[in-house]
Structures are given as C-alpha cells and as structure tokens.
Ligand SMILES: Nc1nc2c(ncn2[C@@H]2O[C@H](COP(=O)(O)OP(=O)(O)OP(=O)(O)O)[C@@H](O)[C@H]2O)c(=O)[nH]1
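Next up is one chain by itself, shown in structure tokens, the form predicted alone.
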C-alpha cells in the first residue's frame, strides 16, 4: 500500500524527478529511480504557455486536485519526469514550456534533442486561445519535426479548458477543431480529445494515451476476459495503481453510461486523496445494492482491479477469493519480457 506521507510529499511545486524515492512511495509516482531493464517511452507534452499542460500533468501524475493547480507557475524550458507504469514500462515525460522563445528554440537549436526517439506527442490547445493561428503554426512545426525525427510517433491533440465553453456549444466547437487538426496533421494521423481539469474527460484522454503505450495490452485484455468469464462477472476494470487511469477492461453486459470508466477513476482517486489527508490509506472497497455488487481491490503491485457482479447468488467472499487467486498470474503478465500465458484456472 502507498503510505499517506508519500502522497503528501508529492504536493510540491517542483514536479521534476528526484534522485531517491521516499520510503513507501508508489512506483507510479514521479521521480522513481529507473532500473537498467526499464522500457522507457519518450512522451512530449507541448502547447502554448497557459494552455494547461502542467496542470493536467500534476492532476494525473502528482495527485493534485484541480483547485490546487492555480498555484503552479509557468514551465521554464523543459521539465523531465519519469513515471513508472506496469512492470518495466516507464514514461519519460518531457513537459515543454510554451513561451514563444522556448518554442522557437525547440524547432531550431534543440530540434534533434527534443524530437528524436519520441513515442507520443501530446499537443494541448486552449480552446479559448486568442492566438489560434499561432497555435496552429507551432503545432505544424511540431509535426514537421516529428515527421523528420520520429515518423512512427503517435499524435494526440487535447482541446483543453472545455469547461469554459457553453455546454450547448461544446460538441460543435470540438467537432470543428477536430476536423481542422486532422486536416493539418496529414500525412500523420492524430487522435483528438476534449478535456477539462474539472471533470472526468481528463482521465478519458490520458487513459487512451497510456493504453497505446502498454506493450502487452492485447494479451492483458485476453486474460482479463478469461478472468471475467471464469468468475461470471458483468465487467472487470484494471486501473494503474498510482494514477487510477483505466488501462484495460472487459465487459460481458452492455452498460448505459459510456463515461463510467473516467468517472470511476476520478471518484476513487479523489476518495484516495481524502483518505491520505486523514493519515489513512485506501486498500479496498465494496459497494452493494439490490442490482449489483462492485469490488475494488489491490490486484498486483502496479494495479487495482474493479469487479462488477449482478448475480446475487455469488457471495462476496467467493469474488474476493477469485481476485486473490488471480493476482500471481497477472503479476507475471505485467513483466514486459515475461512468459506468454493464458489464464485457464478453475
């Protein structure tokens, strides 16, 4: 379990990497010392100054809540941080300051250093920017540098601060911006998301981004499906332990709320932070009513699992035993170079 002291230690202005992790710090947090065997994925986080890049990074990776991001200052040049995910996967996150001077340097003197060996480019647009033309120019310059130095990189565009747009206008504005960005991105492909730090859309976008980086995700999903079918679950979700991003799921029954994953991520992470403020630590939870039972529990050293059951004849103890019995198998799957196995337990 994470210790509450470590979560409080992450509440600081400098989000750069530390040389030594505090005792009890979760492996998913910023600053973990990297082993030589780690599979590092370079992620560029770019966009104009004030677009909200550091705020979203702080919420997802450093346990900030939205209102606390107001005290964050502008990023100076490039801030590097390492975020450990499943097994040996490490995100090498480059948060690039968006002031004009820095942006020009990225495309000239720092071009090779910034854009070489990039796995993912995340470009953040302030939906209410008054310099949209300049934003698009910088974005196109990024694409040119990516095409030259990292042509296989995945491109994500986040149309951010959507909470500032009138609700009845959000779909139209986002659709127009998405069409423009896809056209400008050719011959590269880009995936677009609307985001806000004030709702679950931020978790949806970052879950989708991280999903693209997990090397054995198809094998993970196949085993999650087998696990769900064996225990007769309606749905099983796998969360990354520190960020609570959804990294895999399987559902046996259709669900009405298409945004339930992001909402659950947001709710549970906020609850987890509330626990830490009371010097308590979150380990597991069971929610039950007349229609279903939901179990959230530590699964592996890097994940939590959520199991949703609607069969009232299956006791809670049976589901918890099944979760416990599957842990060792999924621990093996998290190792990038681990053996390829399939869950066939009964």
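Here the structure is a predicted model, which means the values were calculated and not measured. Residue numbers count along the first chain shown, from 1.
FYI, the form predicted together with this ligand isn't displayed, but the following is about it.
Close approach of residue 50 to this ligand in the predicted bound form, 4.5 Å, heavy atom: Result yes; residue 50 sits at the interface with this ligand in the predicted bound form.
Non-hydrogen atom contact residue 271 with this ligand in the predicted bound form at 4.5 angstroms: Taking the distances in the predicted bound form, the answer for residue 271 is no, it never comes within 4.5 Å of this ligand.
Contact flag, residue 69 vs this ligand in the predicted bound form, heavy atom cut 4.5 Å: Residue-level check for residue 69: yes, a contact with this ligand.
Any non-hydrogen atom of residue 232 within 4.5 angstroms of this ligand in the predicted bound form: Outside the cut-off, so no.
Residue stretch of 274 to 282, 315 to 323, 42 to 50, 292 to 300 approaching this ligand in the predicted bound form, non-hydrogen atom distance within 4.5 Å: Single hit among the candidates: 42 to 50.
Of 204, 241, 161, 84, the one that lies within 4.5 Å of this ligand in the predicted bound form (heavy atoms): Comparing distances to this ligand in the predicted bound form, the residue within 4.5 Å is 161.
In the predicted bound form, the one of 196, 248, 223, 265 near this ligand [non-hydrogen atom within 4.5 angstroms]: By the 4.5 Å criterion, the partner-contacting residue is 196.
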